[in-house]
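Quick heads-up: it's one chain on its own, the form predicted on its own, in structure tokens.
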Amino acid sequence: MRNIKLTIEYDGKNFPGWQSQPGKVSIQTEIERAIEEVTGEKVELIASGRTDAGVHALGQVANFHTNTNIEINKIPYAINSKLSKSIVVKKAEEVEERFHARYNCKLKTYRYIINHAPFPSALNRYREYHMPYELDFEAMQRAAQYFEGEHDFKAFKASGGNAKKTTVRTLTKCSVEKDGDRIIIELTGNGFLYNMVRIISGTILDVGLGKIEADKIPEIIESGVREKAGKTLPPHGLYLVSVDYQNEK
């Protein structure tokens, strides 16, 4: 049996998230349906992790097992021909039997986009968060640096997550960059708690708005108190950029 690894891009606007849900058409459901139409097999698509309703992906990774003899370079074309234009399989690779998209994941990179122009974008209104106020960009950059490293991110976890054992995670990167009227917050880490990226992004935004002092970030992290951190930003500005397996095959 073959083990196929897919790299997937999707617009999350019209989906209830990645994971299959009773009575709803999720991203996972759609791709599994397309694979079944192509191969004639019911498959279980294993993702690197779930994304919530409205969240987008530039490089989600998932794998499935199949007996199909379709050539690997033709698999993306075959699956894409059965998908809506909101989901695109960008790449397919044949990997070892033991490869597991979730358990073998070493790092993930997420991006949050904030547009602080006076008026929102008509075209990107479901792909970025609009905040039409002046922001202290340098303070936001300073705040971001405090999140890097190993910390207990309990203060940046929403209720309802499934992190039962530990809330300690390591961020190898937390950056804030400018692109015209847009501010791009990017985080790379070995794992993320429920809504962690959206809460960290909301906290950095609150620093930019002058609601939180940049130098208070270590104190907020140390406190472990959710109420001391910023608000949870909406899902439509969030992207799963990439998943790193560090040559794991």
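So that there is no doubt, residue numbering starts at 1 and follows the sequence shown. None of the values given here were measured: they were computed from a predicted structure.
Note that the form predicted together with another copy of the chain isn't included here; everything after this is about it.
Although the partner is absent here, residue 137 sits far enough away that none of its heavy atoms falls within 4.5 Å of another copy of the chain in the predicted complex. Although the partner is absent here, residue 107 is not a contact residue: none of its heavy atoms lies within 4.5 angstroms of another copy of the chain in the predicted complex. In the predicted complex, another copy of the chain stays beyond 4.5 Å of every heavy atom belonging to residue 95. Of the heavy atoms in residue 167, none are within 4.5 Å of another copy of the chain in the predicted complex.
Proximity to another copy of the chain in the predicted complex, defined as a heavy atom within 4.5 Å, singles out one entry of 114, 83, 89, 155, which is 89. In short, of 24-32, 50-58, 203-211, 187-195 it is 50-58 that has heavy atoms within 4.5 Å of another copy of the chain in the predicted complex. Looking at 1-27, the residues that come within 4.5 Å of another copy of the chain in the predicted complex, counting any heavy atom, are 9, 10, 11.
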